[in-house]
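In structure tokens, the next block holds one chain alone, the form predicted on its own.
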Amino acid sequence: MSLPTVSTSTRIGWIGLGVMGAPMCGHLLRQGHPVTVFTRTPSKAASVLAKGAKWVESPLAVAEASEVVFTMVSSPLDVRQVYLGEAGLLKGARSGSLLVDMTTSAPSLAREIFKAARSRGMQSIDAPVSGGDVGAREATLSIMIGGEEEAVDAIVPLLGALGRSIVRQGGPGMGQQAKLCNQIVIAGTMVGVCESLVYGYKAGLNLETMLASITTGAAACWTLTNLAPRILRRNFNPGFLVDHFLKDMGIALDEAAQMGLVLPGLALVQQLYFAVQSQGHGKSGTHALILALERLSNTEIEPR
């Protein structure tokens, strides 16, 4: 199966221009690629249209104009519609096209799309990312890839514009499996960070001073460094939405159940995030978990 040879003239398609998708698409535009985009909310395309992207009215039209298509949408239902729907990518893509889904989605769906694409002479890979809005803006994402080695090798020059860590995890669906491992770690880390802040506040510590110590010790982690300061400022703007994180945890728990695994820590954090969502913070960043923990303890960290 022939695959596109990547150069600055390679025609790129991009679907999904949210908090992370828009800056990621922007990096490819800065490389000089002609880029065709689609998003359900056309206004979200404004930043990339200003940089030279062209907007079209369906995934099918994106595929018709592109050799390589990236997708970064919200949920497995969206992925299914974008790829397999009546106006989906597989209806418009030519033989030899390469389709790259960067959404965190179900491994089984990634395998289904791979088989459907291959039957039409195309290649698809699953390439979910970690690093949040900061990683998307700074092109420092960790990219976890599932797919055939030849297809992965072909796309690496483009992925290099988006992230620093680009690792093939195995065949179709294995990028998604690795991303679920990532989300399991983040879930446990987030509850630990938030509980430490509630505890430190109630104990009377200056939280900035406390963080200056623990962010350089054994507790050091991305969440502590990047999200704890936002909590102290009471800034819950999303780098990654609570709604999307709940989706990811649900996928991980479903996959675990199919493997006969019990993940009690993840299940507990999921319940806490349901509380955050029920309080009206589904569109807030994942660090809004602190709000549910504060309510349980009848306390609220005052902004500094």
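In case it trips you up, residue 1 is the first one in the sequence shown, and so on. By rigid core we mean the largest C-alpha set that fits within 1.5 Å across both forms. Predicted model, so just to flag it, every value in this text is computed and none were measured.
From this point on, the text means the form predicted in complex with a further copy of the same chain, which you will not see here.
- Heavy atoms of every residue among 168, 262 and 266 are located within 4.5 Å of a further copy of the same chain in the predicted bound form.
- a further copy of the same chain in the predicted bound form is approached by residue 144, whose closest heavy atom lies within 4.5 angstroms of it.
- Although the partner is absent here, residue 233 is not a contact residue: none of its heavy atoms lies within 4.5 angstroms of a further copy of the same chain in the predicted bound form.
- Residue contact with a further copy of the same chain in the predicted bound form: residue 87 places no heavy atom within 4.5 Å of it.
- When contacts are judged by a 4.5 Å heavy atom cut-off, residue 81 does not count as touching a further copy of the same chain in the predicted bound form.
- Residue in contact with a further copy of the same chain in the predicted bound form (any heavy atom within 4.5 Å), chosen from 77, 181, 116, 134: 181.
- From the list 42 to 50, 22 to 30, 251 to 259, 63 to 71, the contact stretch for a further copy of the same chain in the predicted bound form under a 4.5 Å heavy atom rule is 251 to 259.
- Looking at 172 to 199, the residues that come within 4.5 Å of a further copy of the same chain in the predicted bound form, counting any heavy atom, are 174, 177, 178, 180, 181, 182, 184, 185, 186, 188, 189, 191, 192, 193, 195, 196, 198, 199.
- In a rigid-core overlay of the protein, residue 78 has its C-alpha displaced by under 2 Å between the shown form and the other one.
- The Cα shift for residue 138 between the shown form and the other one, taken after rigid core superposition, is smaller than 2 angstroms.
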